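Coming up is one lone chain in structure tokens, specifically the form predicted alone.
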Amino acid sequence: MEREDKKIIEIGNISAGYRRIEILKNIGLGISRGSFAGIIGRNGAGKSTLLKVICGLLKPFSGNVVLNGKDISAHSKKDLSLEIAFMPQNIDTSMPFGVEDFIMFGRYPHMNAFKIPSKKDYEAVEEVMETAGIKDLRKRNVCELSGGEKQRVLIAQTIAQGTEILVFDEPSSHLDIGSQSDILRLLKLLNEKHNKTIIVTLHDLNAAGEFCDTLFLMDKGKIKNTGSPQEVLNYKDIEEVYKTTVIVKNNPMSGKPYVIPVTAKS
């Protein structure tokens, strides 16, 4: 008997946007518990808006989001913060907080009204720094870190929230290829070894194909295609969405698809 695919998040006919301007148009999708889901598409496709709806940060015009079998509107802000953690693209890291203190902010949902860390909070932060490989940075100021180091600290703060679902908006943007790979390998570790459901938006199609097990291809506020990287990263859909000619091959090492843009000769 085939095992039932349990959806930790179900989105039904969502339309959403800002100031009555519709960005998402009648979107429906499901995200499986324990999956590594990637959302891809051109700039302006609605990827970040979709993440905000998933996390309960943006109320849709119509439709509904079900989280762990319960409509997201029925969750209190406190409950949501204990179930789903979100790392946006832009976080202010200009203040001279020490790394350890900065990560501790992620523990706020678990603290009392006075926001005084408990022994359990300190233990959680220690464990997170170990997982993220940043224990040697604990006394450094966040504003003094390199791009790759800073991203690891931001991810550590998100992990410290202690949720089953971790949502990241472009976690590897503006990083060199080595730092990007390090970040995505860390997310894969959280997915495979720590049983976290990971949801990310990514611009790099090849990184999405290599690390994600499920992809959602967005175009103009709608879902163009859903499935495995092999199903979604096909040349017809990629060319239609990205308006460019590509070749799709299989990575000889991993067997995953990778996309090569083709430059036409003049």
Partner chain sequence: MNKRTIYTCIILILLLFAVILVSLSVGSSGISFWEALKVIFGGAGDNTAMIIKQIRLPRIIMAVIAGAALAASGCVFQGVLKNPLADPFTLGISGGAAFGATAAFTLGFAALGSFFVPLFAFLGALISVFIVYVLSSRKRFGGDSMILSGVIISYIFSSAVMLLYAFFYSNHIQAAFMWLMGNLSVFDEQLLIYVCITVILGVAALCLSGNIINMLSLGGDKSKTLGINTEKITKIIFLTASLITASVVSLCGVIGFVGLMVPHIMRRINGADNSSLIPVSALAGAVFLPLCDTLGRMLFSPVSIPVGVITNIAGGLFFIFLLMNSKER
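Remember, predicted model here, so these are calculated numbers, not experimental data. Numbering follows the first chain given and starts at 1.
The same protein has a further form, the form predicted together with its partner chain, not shown here; the description that follows concerns it.
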- Note on the structure: Which of 123-131, 171-179, 84-92, 188-196 lies within 4.5 Å of its partner chain in the predicted bound form, heavy atoms considered? The stretch 84-92
- Query: Which of Leu202, Ile238, Cys55, Met218 has a heavy atom within 4.5 Å of its partner chain in the predicted bound form?
  - Reply: Cys55
- Would you confirm whether the three residues Arg33, Lys59 and Asp71 all fall within 4.5 Å of its partner chain in the predicted bound form, going by non-hydrogen atoms? no
- Message: Given that its partner chain is not shown alongside this chain, does Lys119 nevertheless sit within 4.5 Å of it in the predicted bound form, heavy atom to heavy atom?
- Response: no
- Query: Taking heavy atoms and a 4.5 Å cut-off, does Lys115 contact its partner chain in the predicted bound form?
  - Reply: yes
- Is there a heavy atom of Asp101 no more than 4.5 Å from a heavy atom of its partner chain in the predicted bound form? yes
- Query: Using 4.5 Å between non-hydrogen atoms, is Gln161 touching its partner chain in the predicted bound form?
  - Reply: yes
- Note on the structure: Near its partner chain in the predicted bound form, with a heavy atom at 4.5 Å or closer, the residues from 14-37 are none
